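There is one chain below, alone, in structure tokens, taken in the form predicted on its own.
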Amino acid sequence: MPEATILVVDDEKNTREALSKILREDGYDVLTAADGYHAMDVITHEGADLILADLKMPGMDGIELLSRTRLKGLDVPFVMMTAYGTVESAVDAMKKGAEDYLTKPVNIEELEIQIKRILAHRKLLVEAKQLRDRLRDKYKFENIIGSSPQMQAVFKTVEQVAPSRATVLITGESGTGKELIASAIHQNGPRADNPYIKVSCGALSENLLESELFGHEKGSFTGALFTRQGRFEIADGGTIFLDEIGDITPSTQVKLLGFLQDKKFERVGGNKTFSVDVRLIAATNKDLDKVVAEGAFRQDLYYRLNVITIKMPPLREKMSDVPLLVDHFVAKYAKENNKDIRSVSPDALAALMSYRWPGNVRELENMIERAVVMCNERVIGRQYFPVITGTDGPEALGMPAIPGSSLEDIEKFAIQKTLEAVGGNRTRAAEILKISLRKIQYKLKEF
């Protein structure tokens, strides 16, 4: 079986035939095209693992062929061939995505080395992507990523409680993904095809919140110009998610307790009783035990809400999830912004894994999105994370200052911190840092 398929694109017949013969002797399957238009047809219908294209051709030149290939979403590597007088154009082609260029007449030995290097690198990228995809599938629940023991415990609880009718209370700091967990419970339960209604309790005043939840009758208060259904009515048969439940007032707490006891309620200003079948999921970033002890939250309501509790861990307590989350967000925002960005650099990952993350996963996501937008390279460097400095930054946790540190210091820090984050798993650390396991082992002996 051929090592790979190479497409040779050149308007000079002698060049095409000579290169084809040599590459076939090297064990490659070779396709040829005399111009860019024919090449596009070959790429579309037969495919290629590498394209060796002349820069200057009549009709469609090598750069336009590269651009059209990328527009079709094909990431096949290009090597450009150019005469000495057009090296600047070849460099421009590399800026647009070509892997490398060779000057004519082509040095065959150099060409063979380039092809082997590019195909080997591409094979590693494909294998790394496949591995990341398998890891992501293994440690992904809906849109929630996590390989840490804490997140695996959360996923297991979601799977157990989703089929039930039980009320669920989700606790945790802001930005830990409480809303995602609530949605996952609904989507994986028998009510998935019925309404899923979210209400942010902290964003509404007492009167507005009661009206929002239970509805109101026309004329029940100033501005009530018509009768309105509440969210509990709209959610009948489905799920209602009450975010920031710890912020509701004592009056609303009483009404909510009444509803949880018998699933019945009255609209504001009305006397008709409504009965609905609604599953309640609530979330809070407050310590409700403490709030109850202070008398600001009803104990009986707390017991009604606290049938099943899911505690979302802060990101600083599950740092082994950072590499998976980084990969996920880089892929997500690179796609949204139509950018060919593959990963973050080892020193950038080390910095991300050393940060305290006061804003948790939401802060990490925002930081990655900003870096993707600002980055013009395939790998996001440490310079695209300027916020990770100061008392919460890597320097405060022992990371060598950049600039001012030697590459050896930075490399040592990256390897040590990554190993800490993955519980000493050297294979996983090598995958994250995109270096060989042998190099990890060698460097540890050196350190």
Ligand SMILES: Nc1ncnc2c1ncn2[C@@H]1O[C@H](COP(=O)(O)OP(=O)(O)OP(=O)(O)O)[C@@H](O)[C@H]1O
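None of these values were measured; they are calculated from a predicted model. Position 1 is the first residue in the sequence shown; the rest follow in order.
Below, we refer to the form predicted in complex with the ligand, which is not included among the displayed structures.
Peer 1: Does the ligand get within 4.5 angstroms of any non-hydrogen atom of K104 in the predicted complex?
Peer 2: Because no heavy atom of K104 falls inside 4.5 Å of the ligand in the predicted complex, the answer is no.
Peer 1: Hey, in the predicted complex, is H328 touching the ligand, heavy atoms inside 4.5 Å?
Peer 2: Contact check for H328: yes, within 4.5 Å of the ligand in the predicted complex.
Peer 1: So in the predicted complex, is the ligand close enough to D243 to count as touching (4.5 Å, heavy atoms)?
Peer 2: Heavy-atom contact with the ligand at 4.5 Å: present for D243.
Peer 1: When the contact criterion is heavy atoms within 4.5 Å, does N285 count as touching the ligand in the predicted complex?
Peer 2: Answer yes; at least one heavy atom of N285 falls within 4.5 Å of the ligand in the predicted complex.
Peer 1: I need to confirm a contact call. Of D100, E217, E266, E173, which residue comes within 4.5 Å of the ligand in the predicted complex, counting heavy atoms only?
Peer 2: The option sitting close enough to the partner is E173.
Peer 1: Find the only residue in N143, S251, Q152, T227 having a heavy atom within 4.5 Å of the ligand in the predicted complex.
Peer 2: Partner contact (heavy atom, 4.5 Å) among the options: N143.
Peer 1: Given that the partner is absent here, state which listed stretch (161 to 169, 206 to 214, 338 to 346, 357 to 365) has heavy atoms within 4.5 Å of the ligand in the predicted complex.
Peer 2: Answer to the contact question: 357 to 365.
Peer 1: Go through 174 to 188 residue by residue and record those having a heavy atom within 4.5 Å of the ligand in the predicted complex; state none if no residue qualifies.
Peer 2: Contacting residues: S174, G175, T176, G177, K178, E179, L180.
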